[in-house]
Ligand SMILES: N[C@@H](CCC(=O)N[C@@H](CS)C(=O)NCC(=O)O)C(=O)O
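Just one chain follows, in the form predicted alone, and it is written as structure tokens.
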């Protein structure tokens, strides 16, 4: 298997989700640390306009969004599936709710003054981050949480989670993990990384034990790689073969398209459509630093626009 390369930064909660999934599966992977804010000269050549973090590179193939990364990793490495048949619908539904609704709750809570911790360790980084995310939020169609609403939402969720784990199960749906565990984990990790809300975990001992179990997956080591070296790997590689096809009659294979998230960070990536089905969208794009690359997106939560019509 071509080596797995994660483009991420330490403070990113979705990156923590990807790190935990890679480590839980016992997979070796390379780490490219990217800037928290733009510009990202060693990642944008791979992704085009897509700005969310993380992305996973496998040779000359780039996988965007942790939902798709999970699907790619599921039959790799060791351990149980992320998508157990008996709980697939429930686990996927919970994961999607957490990655959207509870995610925005966590953003409000993490950036409370008393819960900031050392998120902005460098002088001036807070102002630069705010300016960058204001640009990133242009065109977003999300509902932000007020502090009171976020506190109530998270308190309710922790209580329900405590009750779910009270029978001694190791994970949310039983003895084995599912995608829901990794989605819930990265949000809780983000909320409590600042240190100002640790007493919330202490008041929920079953959640605290589960959180410690999940956190152990995020703490394992990886091997560092520079951004230019990652680009060189893409340039020296060929994209994997893709079974061409489109389930959208108005957008055929070979069309020039824009693909991007529908909710926030809506900056699109432009390329030639190779595949569009109920699960994935794959486009081919090219850059002088990478050569031809295939960029993969999940269908859920992403839109595709035909530029030739």
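Given the structure is predicted, the values throughout are model-derived calculations rather than measurements. Numbering follows the first chain given and starts at 1.
Although it is not shown, the form predicted in complex with the named molecule is what the next lines describe.
When you look in the predicted complex, the only residue of 203, 133, 169, 206 with a non-hydrogen atom within 4.5 Å of the named molecule is 133. Of the candidate stretches 243-251, 271-279, 24-32, 64-72, only 64-72 has residues whose heavy atoms lie within 4.5 Å of the named molecule in the predicted complex. The named molecule is not shown here, and in the predicted complex it never comes within 4.5 Å of any heavy atom of residue 255. Not displayed here, the named molecule is approached by residue 52 to within 4.5 Å at the level of heavy atoms in the predicted complex.
A residue is said to contact a partner when one of its heavy atoms sits within 4.5 Å of a partner heavy atom; residue 20 fails this definition for the named molecule in the predicted complex, lying far away. Proximity of residue 103 to the named molecule in the predicted complex falls within the 4.5 Å heavy atom cutoff. Site residues 14, 40 and 264 are all in contact with the named molecule in the predicted complex, judged by any heavy atom within 4.5 Å.
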